[in-house]
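Given next, in structure tokens, is a single chain: the form predicted on its own.
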Amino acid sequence: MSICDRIIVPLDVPTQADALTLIDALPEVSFWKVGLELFVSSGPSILSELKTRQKRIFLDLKFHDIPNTVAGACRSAAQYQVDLLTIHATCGRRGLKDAQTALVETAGEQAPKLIAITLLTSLSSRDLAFDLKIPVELPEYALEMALLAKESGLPGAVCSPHEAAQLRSVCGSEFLLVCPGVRPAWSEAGDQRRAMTPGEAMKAGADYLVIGRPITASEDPGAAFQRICEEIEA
């Protein structure tokens, strides 16, 4: 797999028309993320469009509910034949296990890889302590959430690149790590509180990088994407 194939670009746009414009402007991108905004707007039709274009899909809906509900949601999502699907680790052990079981029972070997959100990259240590009232250091909390996911049978997790090295060391080489909060040195951090450059994130152990605005908000998205690929390979 090439470096470029390990970069996931988010379709953080409000309509399917906007999404298709962006996809067609970046033919070199092979892996796209569909999140809540676009999926609520367009429904599964955007997934069909991506499949038609032979693109890989990260369906980032961040399921978070009681075990029976997340299992049902995963059974429904299995029909879309996406590559990655997300669930919050805070659904708990039973919720994670039921969701993973539902995917495998529904889709077998074709099931999406269900990966757990450890902690949103927009949250800082202060947010964790003062707003969420969780009296655990942020790196330890992210690790515990990843271990919970692994022990529940999930193949991977979403984490900040700042936690990637520790998670890789503890969870092993086969555990999939997807890292948002990745920003080239020449771009603005935006609302990402725990960001790292693409090259640093890969060296820390990330399997996939989610990189949005530095590419999609650029005056020349194709050039920005290529620049990031070249910087990682350098």
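This is a predicted model, so every value here is computed, not measured. Heads up: residue numbers just count along the shown sequence, starting at 1.
The following text describes the form predicted in complex with a small molecule, which does not appear among the structures shown.
Engineer: For the chain seen here without its partner, which of 95-103, 67-75, 114-122, 136-144 has a heavy atom within 4.5 Å of the small molecule in the predicted bound form?
Structural biologist: Careful reading of the contacts points to 114-122.
Engineer: Can you tell me if Pro198 lies within 4.5 angstroms of the small molecule in the predicted bound form, counting non-hydrogen atoms only?
Structural biologist: Flag for Pro198 set to no.
Engineer: Is it the case that Arg168, even though its partner is missing from this view, gets within 4.5 Å of the small molecule in the predicted bound form, heavy atoms only?
Structural biologist: Arg168 lies outside the contact set for the small molecule.
Engineer: Give a yes or no for Lys62: in the predicted bound form, does one of its heavy atoms lie within 4.5 Å of a heavy atom belonging to the small molecule?
Structural biologist: Result yes; Lys62 sits at the interface with the small molecule in the predicted bound form.
Engineer: Does any heavy atom of Ile23 come within 4.5 Å of a heavy atom of the small molecule in the predicted bound form?
Structural biologist: No, Ile23 is distant from the partner.
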